[in-house]
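This document starts with one chain, in the form predicted on its own, laid out as structure tokens.
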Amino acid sequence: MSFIEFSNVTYSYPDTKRKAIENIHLTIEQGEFISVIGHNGSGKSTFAKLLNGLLVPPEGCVSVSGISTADEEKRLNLLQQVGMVFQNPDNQIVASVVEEDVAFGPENLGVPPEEIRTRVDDALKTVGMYEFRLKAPHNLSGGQKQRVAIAGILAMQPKCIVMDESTAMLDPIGRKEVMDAVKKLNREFGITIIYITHFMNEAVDADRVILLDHGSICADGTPKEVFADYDAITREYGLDVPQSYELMKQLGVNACILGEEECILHLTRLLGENGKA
């Protein structure tokens, strides 16, 4: 049994006949790092909300660790399994002190006070925000606020964290802070990451990329497999490609180059070859 399973899932919002998600079959294993991409209206946010029962499909089934998201009696258990971090961190911060905000989730789960103290400290240390534990959240930068939001989810000890466009409102420094924290959670702690983004440079850091278009999965594979068809990504699906890939295309290199290090290696090789000519 896979950690997360979508079986014949279709979802339409009550006020529209358009299907936001249509006939999705999907399995996600524990510990995977998955990026979900697609243009506006492709179904990304609906997909995110289906993962922990914020939305329940009228057709098909979504299950997490064998628990159907439609099972109301196991709703609390489901929320402990899958935590969500949304686009605007201000919408998730509820306390006037950082450590109190991080403690909010476990308190509502009925975790004993002494364990909450340990969870809060551990979560803040994990995302690099322990030294800010007594600060007021409104005095933090956008990236720092988002890391506090992640710590609040982490303190509830989920197996999976869903990031729904969580860096969309941040500057490049803030985006890097959040991405570094997310990669650490995945690689050092084995937490499953579902990372929904419209920044293609972030998508390439995942192990697997899922491309949504009009509510359907159009591609599912490694970053290189999904981005390999440059024309389809840019013309058919209306998306950008990672900056390194675009740069190499402009230089006439017909290879799927993803990531800064790979780009630097190819540029160095090209410069060396030109120097010998």
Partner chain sequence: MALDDINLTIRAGETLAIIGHTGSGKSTLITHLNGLLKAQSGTVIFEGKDIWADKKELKNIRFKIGLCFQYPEYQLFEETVYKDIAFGPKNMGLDEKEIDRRVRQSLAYMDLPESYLERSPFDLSGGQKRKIALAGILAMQPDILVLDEPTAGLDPAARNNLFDLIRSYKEQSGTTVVFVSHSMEDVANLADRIVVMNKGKIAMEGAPEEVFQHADELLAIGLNVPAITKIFLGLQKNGYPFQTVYTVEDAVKILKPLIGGDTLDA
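Bear in mind that the values here come from a model prediction, so they are computed numbers and not experimental data. Residue numbers count along the first chain shown, from 1.
Omitted from view is the form predicted together with the partner chain, to which the following refers.
Peer 1: Taking 4.5 angstroms as the cut-off for heavy atoms, does Q30 touch the partner chain in the model of the complex?
Peer 2: No, Q30 is distant from the partner.
Peer 1: Does any heavy atom of K49 come within 4.5 Å of a heavy atom of the partner chain in the model of the complex?
Peer 2: Flag for K49 set to no.
Peer 1: So in the model of the complex, is the partner chain close enough to K19 to count as touching (4.5 Å, heavy atoms)?
Peer 2: Answer no; every heavy atom of K19 is more than 4.5 Å from the partner chain in the model of the complex.
Peer 1: Does any part of H198 reach within 4.5 Å of the partner chain in the model of the complex? Heavy atoms only, please.
Peer 2: Heavy-atom contact with the partner chain at 4.5 Å: present for H198.
Peer 1: Name the residue from D213, E246, D220, D229 that puts a heavy atom within 4.5 Å of the partner chain in the model of the complex.
Peer 2: Of the listed residues, the single hit is E246.
Peer 1: Heavy atoms within 4.5 Å of the partner chain in the model of the complex: which stretch among 205-213, 60-68, 39-47, 22-30?
Peer 2: Contact criterion met by 39-47 only.
Peer 1: Between 109-134 and the partner chain in the model of the complex, list the residues on our side with a heavy atom within 4.5 Å.
Peer 2: None of them.
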